[in-house]
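Structure 1 and structure 2 below are the same protein chain in two forms, each given by itself as structure tokens.
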Structure 1
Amino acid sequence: MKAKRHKVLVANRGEIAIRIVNACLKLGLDFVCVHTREDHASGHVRLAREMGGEKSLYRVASYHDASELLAVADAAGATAVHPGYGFFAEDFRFARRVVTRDRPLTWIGPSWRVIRELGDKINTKRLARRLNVPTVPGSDRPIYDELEAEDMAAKLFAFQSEQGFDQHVVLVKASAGGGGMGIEEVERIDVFKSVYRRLRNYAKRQFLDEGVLIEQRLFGFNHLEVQILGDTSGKNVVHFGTRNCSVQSAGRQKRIEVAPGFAPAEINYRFDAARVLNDITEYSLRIAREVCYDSVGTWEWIVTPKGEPFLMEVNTRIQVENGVSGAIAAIGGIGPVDLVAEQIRVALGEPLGYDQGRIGLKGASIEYRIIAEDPDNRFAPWVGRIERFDWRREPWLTVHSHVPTDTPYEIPTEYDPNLALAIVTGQDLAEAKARGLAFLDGLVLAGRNAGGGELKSNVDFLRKKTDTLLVF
């Protein structure tokens, strides 16, 4: 960053765009934001207007239009692209185009080769199996043929019968999906075909690829993650601990994340929880080193009630929940750690500058995703106008939000109705939970929809789930 003053194109929206802008400001970098017509009132637009210099905000047709983003990068004189999460974050073709065009830009994320290798769930599964890392039983390539899919499901049902499982269920997943979208369960082989066809059509509409995976459904599991960071040398790979993301909506969208992933000092588990955390961390690092991982990334794990871990997938991007890991981390005793800033710093060519021994993890943190939705109606998104949104500022609380607190905000239907991420920290899980409840109790959130109906949110759901966090 010293040799060349970079300007970062923030190719995303909402709270992650705000976090990227703030990281740029912290690192002394220029930035340029984009927004769509529907997103004109988003906080990231306001921040760009207030903090950006010349050519720091452009209206685009879509966040999904690669040419649009790159045209803005050129017009604004950007030198690097941060994709945030979603949109192009895990699109290796876009990452490749960014770095190989006539006017190449720096890609702030894993190299396109790494994204290609790990972004493909099937490839990851094969790689993991080669490195003796446990993976979920099921197909190891996308299936496009109905008979083949049915045959695979029948084999998994037979396997579950042989193993004496109480419930026989297989998962049908859109191969190109992610983030919990495009997953359905099938309990009987005779209804498999109709579910398969429905999901295949959905996958074609949403992801333009009708390939599906057929996997064994594991019950009563916990969903854990390992936060990895590597620099562009591909040789320096470290971790920032584990997270537990088991509190999810009906559609398997995460709602609460906790770091670290288990709390063996405060909760009794039927298995050696500390060993499981250590195992998944070591397995994740094994794969990261093998592929010379060169940015932030998340290894996603399923842990069964017996404490058996299975690798689910690797997310080759910064994740929504990175802040919950950064909140309890320190480098050389200085924390919290801004993983977005770390990601930008290493992408722009700086060496990592520390090893695992200098990273400390202390205490516990909880991230609540505040969302306008109706948990009693399968978490159906709520659309309307946010009229009041505020909270009490506390030293143990960080809130990331693109929703203004000083003016009403209309939720655009084009995007998820996420309102904020609230991260609370404590010296242990008990303290973090008590603070979490205090935050939720004091949160002011009100609004109405076009029909006059009151805002529906998941705040009560979050409150109810807090008491049993990390109990397994």
Structure 2
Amino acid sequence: MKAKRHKVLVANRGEIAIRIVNACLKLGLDFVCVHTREDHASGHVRLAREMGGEKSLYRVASYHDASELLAVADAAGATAVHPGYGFFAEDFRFARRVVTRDRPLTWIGPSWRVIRELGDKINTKRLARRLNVPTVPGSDRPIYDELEAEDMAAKLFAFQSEQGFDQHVVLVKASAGGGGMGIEEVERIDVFKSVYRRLRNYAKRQFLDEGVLIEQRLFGFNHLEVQILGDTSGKNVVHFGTRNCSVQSAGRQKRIEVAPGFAPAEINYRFDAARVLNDITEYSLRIAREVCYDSVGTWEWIVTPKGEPFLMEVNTRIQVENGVSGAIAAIGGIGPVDLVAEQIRVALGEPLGYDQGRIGLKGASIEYRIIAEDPDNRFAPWVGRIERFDWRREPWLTVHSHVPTDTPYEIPTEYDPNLALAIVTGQDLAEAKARGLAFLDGLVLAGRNAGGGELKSNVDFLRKKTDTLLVF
């Protein structure tokens, strides 16, 4: 019996849409892309036309309209949906709708049940604690009792003192809140009670639930991640190492990612960095196995200056920075690893086909996020026209971008001004850093806004941060 030939709806835009299309082509799969009016000049639109013709491209009013995306899937005869990152990637309701509708499709991502279970941070914290996985100190359920809340806050302030933090801050959050609503910072235990009462009353008025969470506000930590992959059986789970995402904007948005997460062979740490990397990997696998994780996912960790790791959250999707992990990985000696292709392959029913012993990790890689923004003005987005954009091609360099290099490009104001992801590899961190600087020095990026002002980008910021990567 002839195997079913899948067609994948690429329910996203920009560079991740391009990576999904290329993965489909690599795997011999058909695809269909969507785009909005504002994205008509995006590279993913051009690639879809070149590789699939007009029948592989549909215009939609919004990437946020679930019904419109599924209507495209039906019209194009798609059999699977890849959500990329952002938009619907971690929306368990959309994932459930995809697989339970009258014309069900294959969801390329974790099952909707896993997304629901791990997408709830309180539930994830409870699960982690049950499995003896360290989590950020704080409550794992809403607190309604004032004395209990004050006792929790006192313990958190004591923890921060033990860790040697210069700043002591506890977060008080409305448990039913979201989107940054209902959060206050407390710097002293003697004012905690009044803040707790105020926020509890606010939560009752706004959300009809006066439950409050008491959490840690940590400073001076490193942000590490573990890259996980499982197949649809939920029994075969492996990792592709760690990465460090500590170089961030003022709004805690990542700007540089490095794999692996520390470099103990090249940098002296005040703690056993190799042990920390091993610990967070084993802890992440412990949770992944418990929930029968069945796709690509990322376990996010914070590591304190004393080398103590705490699980922060789980991202149940492919991440922007998956390529920096794949760049230093090999399966059975063959690399780099295309994690987007691996995600698609296992989602369509193929077994993983290898165990941890066949995965090799070697060297170091750096991913730079090239963004039109002003780092000197709190990373404010820059809007305008890209007139020149190019770089020197090198065997150690991969650039993912939806911005054309042969014609001017107007940055759509409706979306983030991300221009490219540049992944540099080296035999070790020192070589990767040297190559990273060479790439940044040779990058051609110029443009002007409507008022004639020159393009602002974060290239100088990335250059300055390169020298101290992984120093902690």
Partner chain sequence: MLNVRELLQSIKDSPYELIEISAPHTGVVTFAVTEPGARVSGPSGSLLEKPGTQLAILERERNKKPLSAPQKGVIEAVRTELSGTFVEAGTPLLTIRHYLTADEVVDRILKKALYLFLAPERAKYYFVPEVDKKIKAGGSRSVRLTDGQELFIMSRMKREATLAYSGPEGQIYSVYFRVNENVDTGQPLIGVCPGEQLPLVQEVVAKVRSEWGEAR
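The term rigid core refers to the maximal set of C-alpha atoms that superpose within 1.5 Å between the two forms. Predicted, not measured: the structure shown is a model, and the values here were computed from it. Residues are numbered by position in structure 1's sequence, first residue being 1.
Visitor: Looking at both copies of this chain, which one is the form predicted in complex with its partner chain?
Guide: The form predicted in complex with its partner chain is shown as structure 1.
Visitor: From the list H402, R217, V340, K254, return the one residue or range at the hinge between the rigid parts that rotate between the two structures.
Guide: Per the C-alpha fit change, the hinge is R217.
Visitor: Just how large is the rotation of the smaller rigid part between the two structures, in degrees?
Guide: So the smaller rigid part is rotated by 42 degrees.
Visitor: On a rigid core superposition, how far has the CA of L171 moved between the two structures, in Å, if you could check?
Guide: For L171, the alpha-carbon shift amounts to 4.2 Å.
Visitor: Following alignment on the rigid core, what Cα displacement (Å) is computed for Q206 between the two structures?
Guide: Comparing between the two structures after core fitting, Q206 shifts 15.8 Å at its C-alpha.
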